[in-house]
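Okay, so here's just one chain, in structure tokens, the form predicted on its own.
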């Protein structure tokens, strides 16, 4: 059964359709891997093997009766723990929501279930998606499967680690400032951040509403396109939801094997100050793109240096507003205090972790009457100018390409002493969220300490087809995405 690990979702789907593999066998295979390896990796916060196997048996029975099923029926998946579900807890890796079960399902979870995907569980994350390393989770710290002393990145720490370790073939995650793409780069997997509005956010616990976007973390671009045909559906429950587009996978199959005529824009300065091994891997990837026919052109982002502070102003302000509802009255953690105002205060003090508290305090300050114009409004004006920089860049190129991070995965504790060092992990990712367009990270080699390196492609608004095509053609010319980390089982490498 180990040969399953090298198969794409489409190949697994074909095996299920031909009845050469049962859904129960497939789900049991992944449950076994979770049981064997997740004790070390700590990627999952919640697992329900019994329910997953029951759903698999139901799908097998329907298939045996000749019922026409969706092509993804019987395939496994997992969800980042901020996508609400009525059958599993949703905690956002925070004490504030410990044990909380939603009365309804997020649209993304509902769409995946209706398409036949079987959820293996909920995946760990930075608390309320606030972090770049996975270290702010209240419950546990997920490790990087390539080196257990290293972080998997954040905030989608459990998602990237689980996909890299093949504890699930796909994780549905969120990206506010790089939370899909950066951990995908750290863990050597593929992470797609779709255009804002492409995937419904209904039922997703918000960090920063104008920046958040759901997307898949998978082992390949092909798998990402396969999943997007389910995720990328219009949703009347989400006022920002875009018109449906569900033929990403079919279009990808017509991608060909050449990048001839594709102009890839390399932002000025994006190869400066990189770790040497990472820089070499990215430069080699750019040469491979040229060999495939692409033209590398220089593009300029005059306001790139403003990206991080603008992102922090907007994200923290929106986070402070979104998290104001956690007061101990409606749901979630509640301090055992009789006096109302004191109960509010102690509930939030106990329920939120240090990183979340810090961002709420900063965001509240930014939104104060005397500071709003100086900080938030100014940040929104600069955001508009950053979008103009993207418009200018896309007149010179079809896609933008470059590193997803300045270094490989760092050791636990290395950057927690300096908030600025941690925030700099998002240097190459936040601009895309401010612009609202699409981007994808694919593995492109190994850098320092033989750790994975990610190459980031960025596309224009709703340019997922072109983005997926170019990333897929590059990926098919390499085998980096087929590398699987050696995992430890009872202290023994397997």
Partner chain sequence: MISEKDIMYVADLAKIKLDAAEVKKFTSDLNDIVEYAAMLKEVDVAGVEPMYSPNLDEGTPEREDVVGASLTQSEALAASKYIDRGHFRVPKIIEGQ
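Positions refer to the first chain, counted from 1. A quick note: this is a predicted structure, and the numbers were derived from the prediction, not measured.
Beyond what is shown, the protein has a form predicted together with the partner chain; the following relates to that form.
Exactly one residue in 380, 262, 266, 280 has a non-hydrogen atom within 4.5 Å of the partner chain in the predicted bound form; which is it? Flagged contact: 380.
Of the options 148, 412, 139, 365, which one has a non-hydrogen atom that comes within 4.5 Å of the partner chain in the predicted bound form? Selected residue: 365.
Tell me, yes or no, whether residue 341 is in contact with the partner chain in the predicted bound form, where a contact means a heavy atom of each within 4.5 Å. Heavy-atom contact with the partner chain at 4.5 Å: present for residue 341.
Heavy atom of residue 374 within 4.5 Å of the partner chain in the predicted bound form: Within the cut-off, so yes.
Counting only non-hydrogen atoms and a 4.5 angstroms cut-off, does residue 436 reach the partner chain in the predicted bound form? Yes - in the predicted bound form, heavy atoms of residue 436 and the partner chain come within 4.5 Å of each other.
Would residue 240 sit within 4.5 Å of the partner chain in the predicted bound form, counting heavy atoms only? Residue 240: contacts the partner chain in the predicted bound form.
Could you tell me which stretch in 148-156, 305-313, 70-78, 396-404 has residues with non-hydrogen atoms within 4.5 Å of the partner chain in the predicted bound form? Careful reading of the contacts points to 305-313.
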